[in-house]
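So this first bit is one chain, no partners, the form predicted on its own, shown in structure tokens.
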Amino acid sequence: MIEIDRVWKSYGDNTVLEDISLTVKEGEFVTMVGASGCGKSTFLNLLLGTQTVSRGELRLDGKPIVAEPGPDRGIVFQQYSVFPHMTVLDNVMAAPALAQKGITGHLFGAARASAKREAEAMLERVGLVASAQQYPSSLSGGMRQRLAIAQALTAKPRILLLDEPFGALDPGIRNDMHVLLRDLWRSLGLTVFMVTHDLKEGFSLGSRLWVFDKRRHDPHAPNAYGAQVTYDLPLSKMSEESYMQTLQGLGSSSLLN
């Protein structure tokens, strides 16, 4: 589904990503970890289409990803990316409304009725149907992230991109969100890419773990080289013993500092 063919990303003389070549099948759940500033979010933006590769090619279904977000990709950020002036229900209905041709961004008649049914069904899935007429300011942090996920999924994307979506949540709420995300991934057949700084979260959630790190360093030119995927771990095939050994090995390194 995704082909990453010798991809580089630079900003002037600053090389962020360096010579990455990987493939991802439809339905995989890739978690991405690494030190701050190593290019994880940059890679997510390349997939989204808000940034373009400097060298190499990034392909979706055999075709280069165009330099603009598309309906086949939904994204959720750490900061709650919802419309504060809209109710929960209207937030979830916003995606099909904004996809309509024209300048109003409003739905009418049968189109609005259909969008409302789909939005209510999605709110049911994420546990927010009772809060449909509330505004985001009245929701807890976990509920706002449930809303952001519902909003992203209403457009029926094939790929869900998550950039530290649970970083600001308390541990108990994070566990609830993990259960929700795994359920949505499996039931909707999504392909998921998720950035996290929590190594245990990366191991427990995904079917595949990527570690971003620099293989080459030059103390005289610290920005000359970019990060690569130094580990590509198929989590579903790891034994509990190898899981614990790898977790301890990565956790004791400086990769995630």
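All values derive from a computational prediction rather than experimental measurement. Heads up: residue numbers just count along the shown sequence, starting at 1.
Another form, the form predicted in complex with a small molecule, is not on view; read the next lines as being about it.
Annotated contacts: Tyr11, Lys40 and Glu164 all touch the small molecule in the predicted bound form [non-hydrogen atom within 4.5 angstroms]. From the list 28-36, 64-72, 184-192, 198-206, the contact stretch for the small molecule in the predicted bound form under a 4.5 Å heavy atom rule is 28-36. Among heavy atoms of Leu233, none comes within 4.5 Å of the small molecule in the predicted bound form.
Although the partner is absent from this view, Gln51 contacts the small molecule in the predicted bound form, with a non-hydrogen atom inside 4.5 angstroms. Mapping the unseen interface onto this chain, Val24 falls outside it, with no heavy atom inside 4.5 Å of the small molecule in the predicted bound form. The shortest heavy atom separation between Val16 and the small molecule in the predicted bound form is within 4.5 Å.
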